[in-house]
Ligand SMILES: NC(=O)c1ccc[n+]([C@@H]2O[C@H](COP(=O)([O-])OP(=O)(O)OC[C@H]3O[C@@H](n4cnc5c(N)ncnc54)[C@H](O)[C@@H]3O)[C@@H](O)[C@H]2O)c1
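Shown next as structure tokens: one chain only, the form predicted on its own.
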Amino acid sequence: MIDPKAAPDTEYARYLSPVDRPCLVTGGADGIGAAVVEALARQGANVAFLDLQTDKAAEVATRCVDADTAHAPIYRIVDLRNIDAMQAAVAEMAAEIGNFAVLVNNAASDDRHTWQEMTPDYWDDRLNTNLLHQFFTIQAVAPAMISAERGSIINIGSSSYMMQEDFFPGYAIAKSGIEGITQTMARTFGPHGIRVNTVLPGWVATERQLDKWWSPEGEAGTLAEQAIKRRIYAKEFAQMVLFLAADDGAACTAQQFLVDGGRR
């Protein structure tokens, strides 16, 4: 009997190219974002991240220092919906650790809501929280990538709209728009040696998901739909991001990569 709660005991790949590479992660203080920050830092990358959660951001940075990473991650507390403040924070951190060669557009909020509850203000909030900042963070880092003639932009989407999940329409609709950003920007930036891809999680067992949304019935339904009959963990999701951040993914652009245990 497979234990659906058991995390895999796996020795993951080491990549040489991210060593000392400046990388930016949005929403890096918990969940998938924190796993990506830690994974990049453990590879020797020079990581910066943005988040709203002061205490959790400090905890992530401390864990990386305790793991004796080559570079202690830096971070700024900023609301990504404030585009001017976000872009100023990006510029400030780039001045500190170098122009970003990797962007992981991760920040999002999957709060539950129904279509009946939707108002114009909440519609704007869902799109601003889950889509707007992805484009404008790209706008902040792309000029330096163009000058360097290299870069990897990794947009974190969601399989929710593909699965026709209907318990958060504003979130799912916003996440579907991320693929439009990826396809458009991949064509725009390809001649400059910049890759743009989407990585889409299925149900990843983060602390937030388990605390806020988990139920025995929900997990049983998810596992029934997955080909792999166990939970998927943030650390596993981060491995796909690492591959695309490294030069090993140099031929991959304008692609969707699902990390969902084969859910159908």
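From a predicted model like this one, the values you see are computed outputs, not experimental measurements. Residue indices: 1-based, along the sequence shown.
The same protein also exists as the form predicted together with this ligand; that form is not shown, yet it is the one meant from here on.
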Hey, of 67-75, 114-122, 151-159, 87-95, which bit sits against this ligand in the predicted complex at 4.5 Å between non-hydrogen atoms? 151-159
Can you pick the one in 238, 48, 29, 41 that has a heavy atom within 4.5 Å of this ligand in the predicted complex? 29
Name the residue from 183, 129, 176, 99 that puts a heavy atom within 4.5 Å of this ligand in the predicted complex. 129
Is residue 106 a contact residue for this ligand in the predicted complex, using a 4.5 Å heavy atom cut-off? yes
Does this ligand come within 4.5 Å of any heavy atom of residue 209 in the predicted complex? yes
Hey, in the predicted complex, is residue 227 touching this ligand, heavy atoms inside 4.5 Å? no
Taking any heavy atom pair closer than or equal to 4.5 Å as contact, tell me whether residue 52 reaches this ligand in the predicted complex. yes
Taking heavy atoms and a 4.5 Å limit, what residues of 77-98 are near this ligand in the predicted complex? 78, 79, 80, 81
